[in-house]
Structures are given as C-alpha cells and as structure tokens.
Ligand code: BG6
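The data below hold one chain only, encoded as structure tokens and taken in the form predicted alone.
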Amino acid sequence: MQSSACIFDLDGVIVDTARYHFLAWKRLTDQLGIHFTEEDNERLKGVSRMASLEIILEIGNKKVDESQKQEYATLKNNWYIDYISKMTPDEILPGSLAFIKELKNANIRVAIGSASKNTPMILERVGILELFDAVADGNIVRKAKPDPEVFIKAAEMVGIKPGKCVVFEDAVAGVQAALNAGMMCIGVGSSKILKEAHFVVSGLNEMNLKKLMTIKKDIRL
C-alpha cells in the first residue's frame, strides 16, 4: 500500500450531514409549495447545490430566473450552515476515525473529495481537519460529480496517481466520478444503490487496513 491514497467523500461517509441538507431543502420547498420527500433527497446526494436546486425545481415543475435561483440557493445554504455550525465530534460516523488513523499510521495518504463548500467548517466542527493530507472541495473545483474533477484534484494534492487511489463514496454520482477518474471505488451504503462500486460496505466500521489490502488484491483495475 506504499505510494497509495484513500480519498473520502464527507457527507454520508465520515459524518451524516444528509439529514441537515434534507432539513434545509425541506424548509425551502415548504416555502415554495413543493412536495419534497426523503426519497427525493436521495437524488441530491453527491450533487452540487445549484444542481440540487435544479432537481428540486424540476420536481415542483417551477421555472424561475437565475437571480431567483441564487437567492434560493443562498437561503438554503444559510439554513444548512446554521444546522452544521452546531455539529460536534459525536457526529462522526462509527469506525471512521479508527480507520483513517490506521491508514495514516501505515503512511497511506488520506484526502477529502467533496462537492460541499462547507467541508472545512464541518471538518473543523467535528475536530478532524488536521487528520487529512489534503481537502479538495467545492471551494476549489468547479465541476460536479459524476465529473471526476474533485477526485483528480485530491490525487494531485497528495501527489498520488489516480490508479493508486481508492475512493470511499455513498452516492451514485460519486461512485461514477471515482470510476471516471480511473480509481477503485468502495461504496458506503446500500449495495443495491451503489452497484457500480467495486466493493460495498454499510459503513467505515466494516473497514480496516487488512480488508482494504485484500480488496485491492482481489480487484485490479
């Protein structure tokens, strides 16, 4: 595993902020008179804020101009920031911290690859910002998943070739982005939903270095 890197999506992999996204979008859709469910929210996983808004407007069959879209996106983000600003280390998902520390102790580079512009705030609030060798997020990349830009950028930041990187993702668009980057992808969540991933676990509590090495040996790109 020398000269290797593990790149983690943040939301739904290391912390569960999906519920905060849902609460903020639900608050907006209620205001707009759009029926928005948790099932609808699944379509937004791994998708940028503006692209998410487009999906929501499509669900509600509403057409608005660009300035109104910006206003809605800002409103949603302000609500979301209010929610995540109250996050604590207790909200780190089970097994995440132990696995990341095990990787670092084995001299494996670890990075974040997230579409969220709020990534640094979340990492700081839960106390793990300093654990990562690099953070590639919505503040430095322009293209949303399934475009591979965020993962390619993360690999560049840690100085590891894409083919030597393993991505941990909970969203279909994120899995596709990892594959588009030429990286191995381990899905975190449902194997039925993340069927394109090379391997799927329900959470990082199922991962350790020995298992990762076995997966890499069995699955060659």
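The numbering used is simple: start at 1 and walk along the sequence shown. Because the structure is predicted, anything quoted here is derived from the model rather than measured.
Here the subject shifts to the form predicted in complex with this ligand, a form of this protein not shown in this document.
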Consider the chain as shown here, without its partner, and state which of 132, 99, 80, 72 has a heavy atom within 4.5 Å of this ligand in the model of the complex.
80
With this ligand left out of view, which of 28, 56, 47, 158 would have a heavy atom within 4.5 Å of it in the model of the complex?
47
Given that the partner is absent here, state which listed stretch (174-182, 48-56, 149-157, 189-197) has heavy atoms within 4.5 Å of this ligand in the model of the complex.
48-56
Would residue 117 count as touching this ligand in the model of the complex under a 4.5 Å heavy atom rule?
yes
Examine residue 109 and determine whether its closest non-hydrogen atom to this ligand in the model of the complex is within 4.5 angstroms.
no
Partner proximity in the model of the complex: residue 76 to this ligand, non-hydrogen atom cutoff 4.5 Å
yes
